[in-house]
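First comes one chain, alone, set out as structure tokens in the form predicted alone.
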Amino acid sequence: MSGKIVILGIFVADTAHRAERQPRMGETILGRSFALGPGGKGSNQSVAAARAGGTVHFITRLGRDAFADMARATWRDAGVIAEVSEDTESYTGSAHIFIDDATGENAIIVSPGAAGRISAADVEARAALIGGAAVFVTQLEQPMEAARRGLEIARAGGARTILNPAPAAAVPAEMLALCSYITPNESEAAGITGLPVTSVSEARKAAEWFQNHGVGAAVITLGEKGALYHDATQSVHVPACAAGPVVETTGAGDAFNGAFAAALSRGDDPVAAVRFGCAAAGISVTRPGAAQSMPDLAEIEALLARG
């Protein structure tokens, strides 16, 4: 294996609004702050994986506009190798993010723009890259057909495959069978399995559902409760790694997935990779923003060394 990570997904510009609550329909309220920055799950995960020490290629579509310039600058700074198709008939996507000023919790609307037009043909054009990966990662923000084709090519090449099923959607059984790992959060796991996921024991039942539907291993992220790793031979609850007060949770899941992929790509066993991902997520929530909150390798290792 080459050790490289290939990630398929979207970039969007995050427009983050902080307020004490969300407005009701027809209502206007005053916010506490506004920030514009890079986002999109695939892009965030690419930045997280690169900062965590991985060699990362990111496959996506962009328009030709100021948000595309932001994307390229973000990847250049993080060391991500961009594999971009330019789409002059569309725009680079954006996301509206509401952040609760008291808790840091968030609610998000994503308009993917050009990245919403990623096709199986885009993926097949980079089949050699995907087929030569050690780890392949995708999500469900781009069309599912493209994600599925990427998983097929990666598995045929011998890569370990990670599906982060966000936003939650019904995933066909044949697509689940292509996943070495699936990494939903609590609400995504509940939405896909139809089971409640509010505790570690409930997460274990959801993980068993994923295994019964062909997934190699389920990694269910549980916020402040950490993550559950479950495969055919072991079921391990990994506690969260607290690095400080929570400022914003927007990038936590992406920090976890990117760092998890980076650890797998260098040969860590999956439970150790989950711990590494939890540490990255624990640092990310102490900072505002998404891509800009991702920690580097030294920071993650320092937090893990603290025990």
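Residue indices: 1-based, along the sequence shown. On a predicted model such as this, the values are computed, not experimentally measured, just so you know.
From this point on, the text means the form predicted together with alpha-D-ribofuranose (RIB), which you will not see here.
Of the candidate stretches 271-279, 39-47, 23-31, 65-73, only 39-47 contains residues with a heavy atom within 4.5 Å of alpha-D-ribofuranose (RIB) in the predicted bound form.
Only one of A190, A95, A82, V171 lies close to alpha-D-ribofuranose (RIB) in the predicted bound form, with a heavy atom inside 4.5 Å, and it is A95.
Think of it this way: in the predicted bound form, alpha-D-ribofuranose (RIB) has a heavy atom of just one of A78, V110, M175, L222 within 4.5 Å, and the residue is V110. Among residues of the shown chain, T60 is not one whose heavy atoms approach alpha-D-ribofuranose (RIB) to within 4.5 Å in the predicted bound form.
Interface residue remark: T250 is counted as part of the site for alpha-D-ribofuranose (RIB) in the predicted bound form, having a heavy atom within 4.5 Å. Taking alpha-D-ribofuranose (RIB) as it sits in the predicted bound form, the stretch 189-223 never comes within 4.5 angstroms of it through any non-hydrogen atom.
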